[in-house]
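First, one chain by itself: the form predicted on its own, in structure tokens.
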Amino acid sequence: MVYSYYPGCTLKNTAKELDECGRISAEALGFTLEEITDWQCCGGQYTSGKDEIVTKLSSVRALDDAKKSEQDLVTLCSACYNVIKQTNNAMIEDSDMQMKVNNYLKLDEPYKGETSVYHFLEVLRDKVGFDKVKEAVKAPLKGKKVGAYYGCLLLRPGKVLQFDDPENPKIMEDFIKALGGTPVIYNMRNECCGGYTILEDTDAAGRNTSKILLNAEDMGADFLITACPLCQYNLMQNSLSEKTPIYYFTELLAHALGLREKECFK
């Protein structure tokens, strides 16, 4: 199976290893991430104003590229996933938005939301199956207590993203189980880390991240995993707690599949 792949800015710059871990893990599990040509930044956040189309154009270009390839679109980044999937939904539901975007882009054929958008974790759950992931594991995370940090962009708005239950998600816990680890459930796993407030109020972001990490520590987590580069950065850089390491889910996956050995996971 081949998917159109939208890597996003962070995974192609400061977090290249996380991108590489995702790509090689995909190949090991029987699917290929085919990077979209000439992609641009998704916009970083979804602007809800109906008269605002400029920040949505790059997402529509990526969606249209996948449509032309007759492939579903996959991303590893929660922020990109949120923006692209919300934009795709707007192109289906909002006829005025659809008209304005298509008039501006002048595509060969109007784009009307034909592409299906998936986060990498959804591919593992819904296309590959966590049972198959478990069968492919070569270095199981025996004895490791892992806290999943969802944040807000993977889960909300729930009716549009339909990723998991926004209040009681389990996809990342099932992912951890498939890799042989023990998931740790803690109250703040789906609370916002405050990433978008860093420049305006660093102290507020620090308080948010510290509450999250202290909660996970209290519940016995050895480390946390996340699927959002912004969340990972914010948790690592702005917390008052330094006890709990934070890793990207593709790092954990590549290690468990025997593709990238990391001492911290042993």
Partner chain sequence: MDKNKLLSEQVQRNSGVDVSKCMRCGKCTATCPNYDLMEYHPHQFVNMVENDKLDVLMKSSSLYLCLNCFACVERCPRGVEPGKLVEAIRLEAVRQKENNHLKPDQIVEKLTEGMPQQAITTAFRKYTK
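Numbering follows the first chain given and starts at 1. Keep in mind the model is a prediction, meaning the values are calculated, not measured.
Omitted here: the form predicted together with its partner chain. The next part is about that form.
- Checked against its partner chain in the predicted bound form, the residues V133, A79, M91, A148 give one hit for a heavy atom within 4.5 Å, which is A79.
- Taking A28, L214, I36, I198 one by one, only a single residue has any non-hydrogen atom within 4.5 Å of its partner chain in the predicted bound form, and it is I198.
- Per the 4.5 Å heavy atom criterion, its partner chain in the predicted bound form is contacted by stretch 156-164, the sole one of 172-180, 113-121, 134-142, 156-164.
- Among residues of the shown chain, M219 is not one whose heavy atoms approach its partner chain to within 4.5 Å in the predicted bound form.
- Mapping the unseen interface onto this chain, Y233 counts among the residues with a heavy atom inside 4.5 Å of its partner chain in the predicted bound form.
- Among heavy atoms of T10, some come within 4.5 Å of its partner chain in the predicted bound form.
- Its partner chain in the predicted bound form comes within 4.5 Å of no heavy atom belonging to K68.
- Scanning 168-192 for heavy atoms within 4.5 Å of its partner chain in the predicted bound form gives N190, E191, C192 in sequence order.
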